[in-house]
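Read the single chain below, which is given as structure tokens and is the form predicted on its own.
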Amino acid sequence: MKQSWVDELNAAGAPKCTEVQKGVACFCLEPENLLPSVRKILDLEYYLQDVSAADFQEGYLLTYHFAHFEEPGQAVFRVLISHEEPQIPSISSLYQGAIWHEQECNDFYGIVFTDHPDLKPLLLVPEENLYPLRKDTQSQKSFLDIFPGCKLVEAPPAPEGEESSGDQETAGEETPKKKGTGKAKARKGDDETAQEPGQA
């Protein structure tokens, strides 16, 4: 993996890389930075491997994996969207292979990909809105517990009588009071530098 393309992605509007481990560079993006970052990685001739979703306390996490036929290493874009407004731009105009992946995420989670050419169910009965991979609040994990290196997300407030852990720093903004209903919030001005391999 070359540091040069990581720098180019930063210049394209992506926040600085939050993790570099074993040749994988991870970027935690705000939704509005997704398309500019995907355009840049397309210009660098990376191909899309997959798009997946997961349900966390703080919202739905979209994960985009990219790789290159000649350059070693992998780029990962992570975008967190709220439960209340599960909407994100489609990248299918840039990577046509994303059409199926985005349909699958819509099928299982109800995530809406704006400007998708044919957002219809792949496997489930149309118009029943089953969304079988959505979790109840008791089953949801915290995004920050699973990905402590991504610091664009505010931790939910600790229950009364409990203190927040040091890994879950907030930006001083108001946070939701109930698990599973929080909106993804970007922390402005963080100095997120690429970490050395082996660090979270």
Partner chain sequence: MLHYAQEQLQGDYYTRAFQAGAQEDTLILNMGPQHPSTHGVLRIILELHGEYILRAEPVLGYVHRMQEKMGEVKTYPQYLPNMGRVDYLHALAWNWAYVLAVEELLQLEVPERAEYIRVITCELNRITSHLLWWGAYLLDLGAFTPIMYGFADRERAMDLLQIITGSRLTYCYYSFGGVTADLTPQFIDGTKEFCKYLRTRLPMYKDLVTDNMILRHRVDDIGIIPVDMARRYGVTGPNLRGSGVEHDLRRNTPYSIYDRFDFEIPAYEECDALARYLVRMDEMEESLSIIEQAIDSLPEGPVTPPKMPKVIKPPKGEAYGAVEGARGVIGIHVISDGTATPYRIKLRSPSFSNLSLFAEVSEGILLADAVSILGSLDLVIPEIDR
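Positions refer to the first chain, counted from 1. Owing to the predicted nature of the structure, the values given are computational and were not obtained by experimental measurement.
Omitted here: the form predicted together with its partner chain. The next part is about that form.
Heavy atoms of residue 94 reach within 4.5 Å of its partner chain in the predicted bound form, making it an interface residue.
Its partner chain is not drawn, but in the predicted bound form it has no heavy atom within 4.5 Å of residue 116.
Though the partner is left out of this view, residue 73 does reach within 4.5 Å of its partner chain in the predicted bound form, counting heavy atoms only. Not displayed here, its partner chain is kept clear of residue 40 by more than 4.5 Å at the level of heavy atoms in the predicted bound form. Within 4.5 angstroms of its partner chain in the predicted bound form, the stretch 47 to 62 places a non-hydrogen atom from each of 47, 48, 49, 50, 51, 52, 53, 54, 55, 56, taken in sequence order.
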